[in-house]
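Shown next as structure tokens: one chain only, the form predicted alone.
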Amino acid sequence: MLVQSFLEDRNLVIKIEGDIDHHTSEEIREKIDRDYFREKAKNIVFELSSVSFMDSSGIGMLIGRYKNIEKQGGQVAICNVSENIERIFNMSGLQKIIKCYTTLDEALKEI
């Protein structure tokens, strides 16, 4: 699992490679929270093109970031999800809470 982040305007882009599950979600959460406050970002965009598996811990991590960022007056977006991850989002109802975009550029433009 690899988590990279960079700031685009006030949007923290989080690119995750690998699985997001009960083994990795806590480590991912800690890195995102640390980077978000260090960079003084407003919004977060998750770029998930290299994520092939996500369990309920991953969904919980995303929802937790959504709730925290919303309290700060920001927004959360997700982009570049695979068909497998999109199916998981549809089953969990996550796409009703967090906006999903086809590309990173689209997400950065809309958020």
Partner chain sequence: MEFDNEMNIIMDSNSRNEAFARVSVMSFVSQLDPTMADITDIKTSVSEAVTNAIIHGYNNEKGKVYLKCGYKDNNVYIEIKDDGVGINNIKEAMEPLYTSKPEMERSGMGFTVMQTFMDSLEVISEEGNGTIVKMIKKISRS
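Residue numbers count along the first chain shown, from 1. Remember, it's a predicted structure, so these values are computed and weren't measured experimentally.
FYI, the form predicted together with the partner chain isn't displayed, but the following is about it.
Residue 81 falls outside the set of residues with a heavy atom inside 4.5 Å of the partner chain in the model of the complex.
The closest non-hydrogen atom of residue 55 lies within 4.5 Å of the partner chain in the model of the complex. Among heavy atoms of residue 51, none comes within 4.5 Å of the partner chain in the model of the complex. For residue 92, a non-hydrogen atom is located within 4.5 Å of the partner chain in the model of the complex, even though that partner is not displayed.
The partner is not shown here, but in the model of the complex the stretch 10-33 reaches within 4.5 angstroms of the partner chain through a heavy atom at 19, 21, 22, 23, 29.
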